[in-house]
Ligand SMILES: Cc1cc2nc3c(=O)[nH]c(=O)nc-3n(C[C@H](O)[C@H](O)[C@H](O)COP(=O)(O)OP(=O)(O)OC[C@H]3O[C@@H](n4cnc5c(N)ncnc54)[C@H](O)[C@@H]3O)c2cc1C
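Consider the single chain below, provided in structure tokens and representing the form predicted alone.
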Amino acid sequence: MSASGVSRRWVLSTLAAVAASSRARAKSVAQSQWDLIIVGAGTAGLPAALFAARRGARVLVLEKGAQVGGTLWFSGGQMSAAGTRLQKAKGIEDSPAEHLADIMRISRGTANEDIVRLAVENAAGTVDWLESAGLTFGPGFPVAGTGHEPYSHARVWGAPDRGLAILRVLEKELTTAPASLSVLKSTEVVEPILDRRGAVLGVIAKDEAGVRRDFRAPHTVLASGGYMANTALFQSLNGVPKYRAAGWPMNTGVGIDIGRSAGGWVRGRENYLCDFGSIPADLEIPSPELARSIHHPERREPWEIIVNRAGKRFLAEDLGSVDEREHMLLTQPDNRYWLVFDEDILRNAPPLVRGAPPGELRDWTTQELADAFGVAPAFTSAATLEQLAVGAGIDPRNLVATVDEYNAGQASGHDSLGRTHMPRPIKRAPFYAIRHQGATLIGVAGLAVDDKLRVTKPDGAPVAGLYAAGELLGNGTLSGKAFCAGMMVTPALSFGRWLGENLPLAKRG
């Protein structure tokens, strides 16, 4: 069963099980003093709660939404871990040290080495735990990477049902958790409770009716996800517009607000990086994704050329490094480009676009691609290159010169940018352009923590009583100025588990 095809029966049974578990613990929520408060019942929050409760701690999870799981409801669920039982069973020799070295290599030294080390040293234990609890990975895993720069070893895992498969395991674990664990849903945390020295004593939250309540504990973990549903906050923290309309609706940045209110700060803005783009559904910002092109050489050698808004090529289209392509796009105006080609390429090239017309993710046929021009906003066609440029928003004079130069290189076999795969010139009308937008699905900047996951002040001192884990930390901390496979979901799970196991919590039998 795919993520998009999850059965209604499973959703209803899952929600019913969690509701029954919550009702069984309803009386315990009435107390105001806890050993641990966790803000967010998602990828990081649930493991933190489970492992802390198993130590006998009184744990309260406050969840803004009406259901637990957070971004696991739509996440790809991609995980990376070195030294797992499953790797060893397949004869793969790997280690956390090699995992760390790969991330620092791929990120060009921009990832936070201390935080990454904590993540990779605990990743194998997390994958082994989930596998023992019933998580089943796809038959093609592990792999060295999917969609971004590969690792040196096959250590990337994925399940057929993606993030939902992880959620199922966590839901099952939650329904059998100790009675000292309570989950209070539809409850929004609005501010921290601080003492006169700035230590966090708990949080103030409000329910659906707007009634405010104090919840106190010596330890509070922020695991409320990122801020992709908050367009203004995204631009403020990352310094670029939120180009793609994506993100869990509950991820409004409350963890950022609470952390900063308690004296914490946000870091990682300088590590912003966009992916190599997809086709937007409209030309507004942010825009949903309509589809993706298959013009990357690791999947399909390009027949088309890539130009920026000025009508100029900025890379060899058959450049093999995903990371290099992403960094080159980052320097282009608005992180935007157009694929340009002609009628001969349209009719003869392998399938170019993969999307859902309608409902089923698959390659578009040649006719479906042709039909998109003049209908979808990102698709432009015209009888001449000059008209194409005007319609698409590209500089006309430069586009004509660029195509002429490419055609000359194609004829001679010597491209000015070093491209080698040039099966056809771009000469036969009509001409086509498809606009692509680089973007990211996760926040890059995030709340600063130390190697014990304590929220820190700008001077590096920890905020007493306050911790953070998950997407809230930002991709810039865990992957630097790069995209490293499995370095969001796995660290979130691992950090939650690590906090649950290692916080100095009271033991109550």
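Everything numeric in this text was worked out from a predicted model, so none of it was measured. Heads up: residue numbers just count along the shown sequence, starting at 1.
In what follows, reference is made to the form predicted together with the named molecule, a form of this protein that is not presented.
- The candidate stretches are 243 to 251, 382 to 390, 279 to 287, 344 to 352, and the one lying within 4.5 Å of the named molecule in the model of the complex by heavy atoms is 243 to 251.
- Within this chain, Pro192 is remote from the site of the named molecule in the model of the complex, having no heavy atom within 4.5 Å.
- Interface membership of Gly77, defined by any non-hydrogen atom within 4.5 Å of the named molecule in the model of the complex, is confirmed.
- By the criterion of a heavy atom within 4.5 Å, Ala44 is counted among the residues contacting the named molecule in the model of the complex.
- Shown alone here, Thr220 lies farther than 4.5 Å from the named molecule in the model of the complex, counting heavy atoms only.
- For the three marked residues, Thr71, Gly225 and Val489, a heavy atom of each sits within 4.5 Å of the named molecule in the model of the complex.
- Interface residue among Asp415, Glu188, Asp102, Glu317, judged by heavy atoms within 4.5 Å of the named molecule in the model of the complex: Glu188.
- Only one of the listed residues (Ile442, Ala482, Ala448, Val463) places a non-hydrogen atom within 4.5 angstroms of the named molecule in the model of the complex, and that residue is Ile442.
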